[in-house]
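The form predicted on its own is given below as one chain in C-alpha cells.
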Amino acid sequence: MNTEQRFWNPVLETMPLEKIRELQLKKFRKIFDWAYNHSKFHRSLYDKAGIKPGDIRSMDDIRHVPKVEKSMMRDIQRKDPFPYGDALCVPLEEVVEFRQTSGTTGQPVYQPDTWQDWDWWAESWAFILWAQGYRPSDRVFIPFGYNIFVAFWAGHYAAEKLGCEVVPGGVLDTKARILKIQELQATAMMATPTYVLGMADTARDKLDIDPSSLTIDKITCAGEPGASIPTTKKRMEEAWGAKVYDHAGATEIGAWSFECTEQSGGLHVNEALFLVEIEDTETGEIIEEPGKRGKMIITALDRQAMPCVRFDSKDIIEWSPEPCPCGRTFRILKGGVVGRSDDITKVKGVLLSPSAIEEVVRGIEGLSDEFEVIVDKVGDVDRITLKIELQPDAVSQQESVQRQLVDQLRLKTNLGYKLEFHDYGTLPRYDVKAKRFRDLRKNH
C-alpha cells in the first residue's frame, strides 16, 4: 500500500454514482438471495410479503422488501441453533466471533460472524482509518475494555491491517492509560466522545498532565453522536490538541460510515459495502433529496452469518446537498447521525433531540462536559430538568452562565428548562456510552 495514496480503495471510493448503484443492486440481489435460501427467519418474512429473489430487478424493487427491526431478532434468538435462532445462515461450526448489542434499548441481540465476516469488519474499518489519516507509522492506543461488545474490536484489527502498531489498553484504568500514552508516545486513539473528554479531565485533575502536551494527533470516535456535534468536537480537539473524527456503526450492521480529514460537517456512507436508504418517518416514502431528515434503513451488502437486510436502525439522518472536497463519490450525511427516532420525543408539543441539548451545554464556557436531562410531568404538564456542573474556576460566574444557558436552550430547542447546578465531579462519569437522557413520563 502506497502511504501517500489518499484512498484506501481508490477504485471503489471514486466510482461514478451510476456505477455505485449498479454495484449496490448486484450485491443486494446476492445477499437477498443468500438470506432467502439460508435463513428460516428471512424466508418466512419474505414469503409473507410475497417477495422472492427473482423479484429484485431494480433499486425501486428494493423498497418493497420488508424491513427488519431489532425486536424481531430478540424474538427469534436464544433457541436452536443456540443462541442465534432462525436467522443464522451458516453451520454453527463456521461461527468464529460472538458479539452482542449493548442492550441499552432492551434485551441484547447476539451477533455471530464467520471468519470472512470478521475480515469484512476489518476491511470496513480500514476505509475509516485510512480516510482519517492513519498510516503504518502510527502507534494507536485503544483505551477500551475488550469484552462482548464490538466497540473498537474491528478498529484494532483494521489498524493492524493498515500496518499501524496497536497498543491495547483494555484492563488499565484511566490514569494508567494516560501514563501509557505518555510513556509510549502514542499518536492516535479510539474512544467514545464521553471517554475522550473524561480522559482529558483525569489527565488534568488527577495527574497534572495537560492532554494537549501528549503526542496524540488524531482521535476516532464512535458510540455517541458527540464527534459530529460541533461544540463537543471543539472541546475534544482543544483538550487534546488533536483532530477528532466521527464514525457510526452498530453491532448488527457493521462500520458503515466515516468522517474524512476534510471534516466537511458530515459522514461518508461507505456505499461500496452498505446500502443506506432514508425513510420519511410519517409517510414511509424513501427520501432521495438533500436536506430532509428521516430514519435510516440499511443493508450490509456482504455480511453472511446473520445478514443485515433493510434493517430499521432508528438513526435520524439526512443527505448533504454538497459532495465532499476529498474527492470521494460516497455521499455525505449532513451532521452525521443527528439522533435516534426512539430518542427524539415530544415535550410540550415540541420535538426534542438530546443532541441539541448537548450542543448547547458543550458550547458554553464555564460548564463541565457532563450533564443529565430528565423529562417528567408535574400534574399534566411536561417538565425538563437539566443538571449541569460548573468548572471549578467558573463558580463565581454562575449567574452569567445561567443566562447564556437559558437563552441558548430557548433558541436551539424552543423549550424552557428547570436548571440544577451540581458541584463539579458529582454527576455520573461514563467509560463507554453515556446515559444522559431519561424520559420518566413513560412510567407516569
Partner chain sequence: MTQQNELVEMDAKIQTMKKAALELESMADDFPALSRNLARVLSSLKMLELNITDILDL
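Residue numbers count along the first chain shown, from 1. On a predicted model such as this, the values are computed, not experimentally measured, just so you know.
Here the subject shifts to the form predicted together with its partner chain, a form of this protein not shown in this document.
Shown alone here, Gln116 lies within 4.5 Å of its partner chain in the predicted complex, counting heavy atoms only. Put simply, Phe127 is close to its partner chain in the predicted complex: some heavy atom of it is within 4.5 Å. Not displayed here, its partner chain is approached by Trp120 to within 4.5 Å at the level of heavy atoms in the predicted complex. Under a 4.5 angstroms non-hydrogen atom cutoff, its partner chain in the predicted complex lacks Arg429 among its neighbouring residues.
If you check its partner chain in the predicted complex, you find no heavy atom from any of Pro230, Asp246 and Lys435 within 4.5 Å. Residue Lys161 is the only one of Lys161, Lys234, Arg293, Arg135 with a heavy atom lying within 4.5 Å of its partner chain in the predicted complex. Think of it this way: in the predicted complex, its partner chain has a heavy atom of just one of Arg57, Lys377, Lys26, Lys48 within 4.5 Å, and the residue is Lys26.
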